[in-house]
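One chain is shown next in structure tokens, namely the form predicted on its own.
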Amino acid sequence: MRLRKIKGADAAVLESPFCIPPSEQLKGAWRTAFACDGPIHIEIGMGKGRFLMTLAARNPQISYIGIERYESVLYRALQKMEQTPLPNVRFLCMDALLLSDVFAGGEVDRIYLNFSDPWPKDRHAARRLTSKAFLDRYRQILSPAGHLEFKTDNRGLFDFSLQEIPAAGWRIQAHTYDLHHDGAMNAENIMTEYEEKFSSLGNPICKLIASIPVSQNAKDPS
């Protein structure tokens, strides 16, 4: 991915009170970073943060952590937070490969994946955020009652995910190939920046919800 580097973004991320360094060692104690003691939801690849911050404004009893790998992207979310601070939002600038180093087993109650990089070449399949490699990482941190929500306009990535998720031992609770025309799944949908852009071009939006069967959660040593 080629991104335009924003001057000063690295320093802004490092100095922001809304960003928590992955090295701060909050693993197992993330609730201490928030005023509320509610569930913890994370978005991986949060982009400019509109989706996460809209959720947080609607649900003050839930703590939200936005994870973004690129400082220049996260910087845009920080600008929004500075204008409208939300006490139940924090950010992490890190690679999703490090999830189990930062969160304890069962510490996360929901994971959002929105319009992730499709990595279309077969040799890059393991880099997809719905690949077995990443699903195994999510399994290590997700609570027994938790679930994952995934949205994309990329039909190839969605079809891959529908196969990969059950093969990794997860259960798909619901899915649709046309979210905006699915009354049940679209009822409380919050559109991301990409979702708004792609749907305006006529691209149908796909969504699925997946969880780990209780029996597998119980057997997971982590």
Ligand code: SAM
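As the structure is a computational prediction, the values presented were derived from the model and not from experiment. Start at 1 and count along the sequence shown; that's the residue number.
Beyond the structure shown, there is the form predicted in complex with the named molecule, which is absent from this document and is the topic of what follows.
Student: Among Y75, F115, F103, F91, which has at least one heavy atom within 4.5 Å of the named molecule in the predicted bound form?
Tutor: By the 4.5 Å criterion, the partner-contacting residue is F115.
Student: Considering the named molecule in the predicted bound form, which of I141, M81, L129, I111 comes within 4.5 Å of it through any heavy atom?
Tutor: By the 4.5 Å criterion, the partner-contacting residue is L129.
Student: How about D95 - does it come within 4.5 Å of the named molecule in the predicted bound form, if we only consider non-hydrogen atoms?
Tutor: Contact check for D95: yes, within 4.5 Å of the named molecule in the predicted bound form.
Student: So in the predicted bound form, is the named molecule close enough to G45 to count as touching (4.5 Å, heavy atoms)?
Tutor: Judged by the heavy-atom cut-off of 4.5 Å, G45 is in contact with the named molecule in the predicted bound form.
Student: Residue-level question: is Y70 within 4.5 Å of the named molecule in the predicted bound form, judged on heavy atoms?
Tutor: Close contact exists here: in the predicted bound form, Y70 approaches the named molecule to within 4.5 Å, heavy atoms only.
Student: Is E164 near the named molecule? Define near as a heavy atom within 4.5 Å, in the predicted bound form.
Tutor: Heavy-atom contact with the named molecule at 4.5 Å: absent for E164.
Student: Taking the partner as it appears in the predicted bound form, which of 189 to 197, 55 to 63, 168 to 176, 22 to 30 has residues with heavy atoms within 4.5 Å of the named molecule?
Tutor: Of the options, only 189 to 197 has residues within 4.5 Å of the partner.
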